[in-house]
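Below, in structure tokens: the form predicted on its own, a single chain.
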């Protein structure tokens, strides 16, 4: 489905000093530096699935997406999607992929979504009966059937994102790239989009590659995670493997019979401690090797009503990664 070897992309970034003097200087001699957005990236996805592409801002996620879809030509290395070279932009390739970018629109702003859909029908050469069936089906699933005759600029952000998703699925692509599809959406809209994507995947079984800064998207949808940091691949595997590989700590939640006024300073300095407002519940993260000793010490010193350990979330792991890059 997707295969790339030593895939790299460089950008020449021009700089200029502020003010008129800087402008004049840049007119005669421009200075620049090379930014390696993606470096020697290897990937092999040979079947359908829900893949999370994660990384800090500026790590190269969107650049990768654009190379996978042929918008950007690689500086070095090779990439093939569905056996085709994306940058050649053949019709056979474009008919089988789709890209949704949360901060960019593919439907026209001042006209109803249906007018844009009719253009896409001609562009992708979708049969009339198939087009009507898909519009009806997707419109009902996304609960926007009554909004398809309304100018897109009159829709809310959540409604526009549903329109974007609908537009990208009309031709039933085999590979779908979603770059921040829930950016800016409220919690209810995020959940609706996630559920729709999950249901659509279960029915159609495409390959979906998703980037998101909302870790809830990743945990709810993705079966596999690819981590890219500073343009380089740092991880490629399951969500559980991702958690285990980057976090060697456990979270313990203690509930106390009464408020704890004085908690040892040594623990606050060594471990992450998160108290509730009335100081009756503590979430403490400790290294796995100290899990038993810390638990026993707290149980011996305080009146604990109950306690349990929690699984580490993808969000906690990403917080750690972001704090070090």
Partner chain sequence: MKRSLYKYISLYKEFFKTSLTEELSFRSNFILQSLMNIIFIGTYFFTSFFIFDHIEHIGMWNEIEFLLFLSFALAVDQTHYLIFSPNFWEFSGDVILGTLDFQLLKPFPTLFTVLFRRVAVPGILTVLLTYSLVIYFGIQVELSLLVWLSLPLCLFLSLFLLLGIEVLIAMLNFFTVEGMGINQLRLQVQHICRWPDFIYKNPARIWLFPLLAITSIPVRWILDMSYWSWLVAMFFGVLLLWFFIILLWPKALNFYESPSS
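Numbering follows the first chain given and starts at 1. Every value quoted in this text rests on a predicted model; they were computed, and no experiment measured them.
If you look for the form predicted together with the partner chain, you will not find it shown, but the lines that follow are about it.
*Asks:* Note which of 201, 235, 214, 123 lies within 4.5 Å of the partner chain in the model of the complex, where distance is taken over heavy atoms; exactly one does.
*Replies:* Answer to the contact question: 123.
*Asks:* Looking at 148, 111, 253, 239, which is the one with a non-hydrogen atom within 4.5 Å of the partner chain in the model of the complex?
*Replies:* The residue in contact is 111.
*Asks:* For the spot marked by 42, 141 and 205, is every residue within 4.5 Å of the partner chain in the model of the complex through some heavy atom?
*Replies:* No: none of 42, 141 and 205 comes within 4.5 Å of the partner chain in the model of the complex.
*Asks:* Looking in the model of the complex, any heavy atom of residue 105 within 4.5 Å of the partner chain?
*Replies:* Residue 105: yes, in contact with the partner chain in the model of the complex.
*Asks:* Although the partner isn't part of this model, could you tell me whether residue 115 comes within 4.5 Å of the partner chain in the model of the complex, counting any heavy atom of the residue?
*Replies:* Heavy-atom contact with the partner chain at 4.5 Å: present for residue 115.
*Asks:* Whether residue 91 contacts the partner chain in the model of the complex should be assessed with a 4.5 Å heavy atom distance threshold; does it?
*Replies:* Heavy-atom contact with the partner chain at 4.5 Å: present for residue 91.
*Asks:* Taking the partner chain as it sits in the model of the complex, is residue 62 in contact with it (heavy atom to heavy atom, 4.5 Å or less)?
*Replies:* The answer is yes: residue 62 has a heavy atom within 4.5 Å of the partner chain.
*Asks:* To test your reading of this chain, name the stretch in 214 to 222, 115 to 123, 155 to 163, 184 to 192 whose heavy atoms come within 4.5 Å of the partner chain in the model of the complex.
*Replies:* Result of the contact check: 115 to 123.
*Asks:* Taking the partner chain in the model of the complex, which residues of 39 to 70 have any heavy atom within 4.5 Å of it?
*Replies:* The stretch touches the partner through 62, 66, 69.
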